[in-house]
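A single chain, nothing else alongside it, follows as structure tokens in the form predicted alone.
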Amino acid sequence: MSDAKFFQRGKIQELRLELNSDKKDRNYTRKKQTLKKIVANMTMGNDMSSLHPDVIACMSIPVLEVKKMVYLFLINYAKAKPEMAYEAIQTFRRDVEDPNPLIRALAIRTMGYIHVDKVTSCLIQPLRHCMRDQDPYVRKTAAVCVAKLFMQDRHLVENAGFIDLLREMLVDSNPSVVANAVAALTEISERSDHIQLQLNMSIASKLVTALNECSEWGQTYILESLMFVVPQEPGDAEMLAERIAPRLQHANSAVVLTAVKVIVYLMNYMSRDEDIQSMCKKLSPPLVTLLSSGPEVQYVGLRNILLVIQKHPEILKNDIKIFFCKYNDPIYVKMAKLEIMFRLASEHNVEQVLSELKEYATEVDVDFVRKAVRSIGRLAVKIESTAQRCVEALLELIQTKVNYVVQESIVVIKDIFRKYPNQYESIIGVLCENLDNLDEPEAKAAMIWIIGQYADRIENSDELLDDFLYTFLEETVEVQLALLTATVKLFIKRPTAGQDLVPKVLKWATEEVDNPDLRDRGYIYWRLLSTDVAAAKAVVLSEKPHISTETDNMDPVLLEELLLHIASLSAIYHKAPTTFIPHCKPRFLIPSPALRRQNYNVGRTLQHQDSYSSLHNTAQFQQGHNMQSGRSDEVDGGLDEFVSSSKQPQHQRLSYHEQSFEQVAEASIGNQEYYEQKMNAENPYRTDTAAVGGSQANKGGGVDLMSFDL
């Protein structure tokens, strides 16, 4: 019979009478029915707390179903009425020693949920006893209870020795106990400021052995814990990855993605390229299989795939057809697939990709069409051999006269002009025919840039700019900046045509607008034009740096961090967890002799792996010193602290103008003094000897990590 009948508002007095009835109640059937009504009323938001003496009296009934409902009642009201929990403490103590392991586990689980100090203090001894219980169900419940207790009072967990008991449970004979112990240790390590989980290869091997007998969620926990293994010897990472590889064929997508994360992590510690290529081939089928799931799982898989292929594009280079959009795909799946298609496009498959994108550009969904058109332009910039075909495709789309298609096409054609100067300017006439269709700031700014850049080739460029200037004061800042620069370009290239427009625009920019960027640019142009036209020409018409799709690539350091968070929200947001989770520990590759050199040279001034290598060498020296001093137990913690504190932000390369300014500044005040001022400005909290001098650099202690190297 359905339990829906219990979800009716009950009167307190009637329920109390039913609980205290003297009638014969075989198998406690009547009490079960009454307790179900009470729980149903709690679920509906009705206050049942006045029944607590009568409900607690039912705790002595040795029936598991009754105890579950009584414990649920206690959990619900104990926080608001702690005295209710005090009355149940003696019963909890009896239930923890009950012959039935299910009742023992239920009691210890319930005590972990009740956040009352007196109950928490009474939990310590029973919990310690349950962690060594003969029944594995009780042990695995106790392991999770330690993690819950840590959320309430982390100092109590550390001082009571529960961490050591969890470590012992990692070698338990029951895989479920091992999985729960791993989950608890991982959770505690992530939340603690001075506890860092580290697993050696011996423990990692035992955990992998337990994978075969665990549930799918237990496998996920164990695989996640393997992210705390740092291979030290050549061959360790390869061996561990080979043993994890069968999990890639699991039916559960969480297990598959977590296995992918661990293997991608271990690939950083593989020495031979052949092993990395072999692993990449094994990663391809499971990632493709994820796309046969529901749309939500597909999207999660696609966002993770987008990260993986930026580090290892060879994984899916031959499977681009899998990412072609289907007519019934949700829009969020289509957008994710488009990005991956662009990433995987190469000279070998560009014809197929371009054909697909042209089809997508005729769809009805506006956002999808915009993304497709923009992808065609990005494809032209990425692959030079297909640029001509991409331009022809964009011209065909412009001929459709669809407003948003035309505007997106103009935006990407501007980038094509910058990438390939003096090659496709013959299409400018077609673009000028569609000026009336422009109503979006980005499209207007792109078209204005084209008119200004090729003002000497467009006969009526002054008239076109004058038309845009009618609404100068109402336009967005982006359009106003473009109009200001384009007008100055027109004046420099065709002085007679631009002499009437320039004063008008400069007056508006410097006197009638509030934006400081626009005002400053107007003053700079005015001063240049009034003092030295040749200098103005050299500045305004200077050769622009070539653009490339490398600017679309994710920051290498951020990418490396996100690859350590595959199968989490970070991989979906493409943001480091520290940006949206307070007090979250950052993850990074721990240095070891097996760690491969990371190439972060593109757009960077710092080689990340060089710093890691120096850290490792320093840590090895410190380890030897500590062992001679009898402090070998603190080495791992010190190493972790040293690595985490040494992680400095990367700095972009300076632009042309910044380099020129810095060269002038450096020449005026001297190299050494300039260098010191620059370093102090970039990092005002420096503690190196050059900044603070002598032994002051080492003052002020850091956190002393409790590193559990198992």
Partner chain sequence: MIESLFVLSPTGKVIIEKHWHELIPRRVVDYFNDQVSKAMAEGEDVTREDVLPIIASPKYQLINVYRDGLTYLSPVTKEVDPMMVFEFLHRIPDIMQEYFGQVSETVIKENFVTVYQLLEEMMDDGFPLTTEPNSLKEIVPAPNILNKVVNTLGATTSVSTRKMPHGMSNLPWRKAGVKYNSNEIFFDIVEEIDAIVDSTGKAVSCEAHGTIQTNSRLSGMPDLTLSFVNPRLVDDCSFHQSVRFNKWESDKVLSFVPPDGHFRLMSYRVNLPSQQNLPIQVKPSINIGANGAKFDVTVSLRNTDGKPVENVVLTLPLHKSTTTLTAQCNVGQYMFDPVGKVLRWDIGKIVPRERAPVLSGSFGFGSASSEAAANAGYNIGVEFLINSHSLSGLKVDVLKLFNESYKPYKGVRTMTKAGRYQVRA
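Positions refer to the first chain, counted from 1. Since we're looking at a predicted model, the values are computed, not measured.
Here the subject shifts to the form predicted together with its partner chain, a form of this protein not shown in this document.
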Going by heavy atoms within 4.5 Å, which of 262-270, 538-546, 101-109, 458-466 lines up against its partner chain in the predicted complex?
101-109
Residue 198: touches its partner chain in the predicted complex, heavy atom cutoff 4.5 angstroms
no
Does residue 573 reach its partner chain in the predicted complex, with heavy atoms at most 4.5 Å apart?
yes
How about residue 147: is it within 4.5 Å of its partner chain in the predicted complex, going by heavy atoms?
yes
Does its partner chain get within 4.5 angstroms of any non-hydrogen atom of residue 94 in the predicted complex?
no
Would you mind picking the one in 579, 476, 292, 159 that has a heavy atom within 4.5 Å of its partner chain in the predicted complex?
292
Students should find that, of 313, 285, 421, 495, the residue having a non-hydrogen atom no more than 4.5 angstroms from its partner chain in the predicted complex is 285
Residues 137, 296 and 321 all lining its partner chain in the predicted complex, heavy atom within 4.5 Å:
yes
Would you mind checking 303-331 for residues with a heavy atom within 4.5 Å of its partner chain in the predicted complex?
321, 322, 324, 325, 326, 327, 328, 329, 330, 331
